[in-house]
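Next up: a single chain in structure tokens, the form predicted on its own.
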């Protein structure tokens, strides 16, 4: 199965995706309302997998709800909570439910989340998970046994354009592509020049790059990102811009739109993360689309 997202990227269409966090509970009303609204502005919607190691409804269920309504989900699946049996079961389940886009992630550590007494699994890492996805597509599970109905996923992986040292990062990216990654979805980009260098470096790998744009809601959030998320550093001028703004949220939207427009020439698409303020994503999207 070739997904719409895959077709658009293959044809050179500049794609826009957004992230919507599934609910912490079984009531998906608000999640679906947000997703329906965003589907008019973006090409696909990322469904996160217990983001920040915080327990929420299954991303497989949430992605299936989107697919059932004709929206295009990107199913995020992490290694943190599942062993290889469960990972393969969920992947086969996703294929059976018509979900074709998968983002393979290692996952945030348990220590970041709301169930710190949990036992992390990490039976596989993100590279091994990509190999698993590729193997299932070739009709074999990790035990070397045949599966009936081999799933054809459009598989992606995470990347961090601003992480150092870059040679070590690039080595991991090469492994991900060799394991089957067809697109990279990056962490938030705050320096478009670093994205340019990153995109030039990975061009020989023949993989699509969807650059992450994070909506910074306040100077405090910007400082938190710098202090707590490896590979990310919000530049001091952006922190100062948020600090001095009469309306920090509006300033955050302006910054996100500006970064998105600056990053656009160096990637194949943008992934917008608004962390609960998905209602503001259309403003960022419109600013990007107005750029020639």
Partner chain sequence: MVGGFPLTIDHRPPTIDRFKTMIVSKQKNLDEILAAMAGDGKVFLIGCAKCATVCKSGGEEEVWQMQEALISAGKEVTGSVVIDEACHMLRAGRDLRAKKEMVEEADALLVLACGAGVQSVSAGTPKKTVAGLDTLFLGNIRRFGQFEQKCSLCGECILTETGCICPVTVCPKGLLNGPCGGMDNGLCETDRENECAWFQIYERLQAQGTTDKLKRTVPQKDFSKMLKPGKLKIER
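Quantities reported herein were computed from a predicted structural model and do not represent experimental measurements. Numbering follows the first chain given and starts at 1.
Beyond what is shown, the protein has a form predicted in complex with the partner chain; the following relates to that form.
Remark: of stretches 128 to 136, 214 to 222, 200 to 208, 148 to 156, the one touching the partner chain in the predicted bound form is 128 to 136 (heavy atom within 4.5 Å). Taking a 4.5 Å heavy atom cutoff to the partner chain in the predicted bound form, the contact residue among 182, 185, 169, 78 is 169. Here is the short version: of 229, 262, 61, 250, the single residue with a heavy atom within 4.5 Å of the partner chain in the predicted bound form is 229.
The partner chain is not shown here, but in the predicted bound form it comes within 4.5 Å of a heavy atom of residue 142. Using a 4.5 angstroms limit between non-hydrogen atoms, residue 94 is distant from the partner chain in the predicted bound form.
Of the heavy atoms in residue 106, some are within 4.5 Å of the partner chain in the predicted bound form. Contact between residue 123 and the partner chain in the predicted bound form is found at the 4.5 Å heavy atom cutoff. Counting a residue when any of its non-hydrogen atoms is within 4.5 Å of the partner chain in the predicted bound form, there are no hits in 191 to 205.
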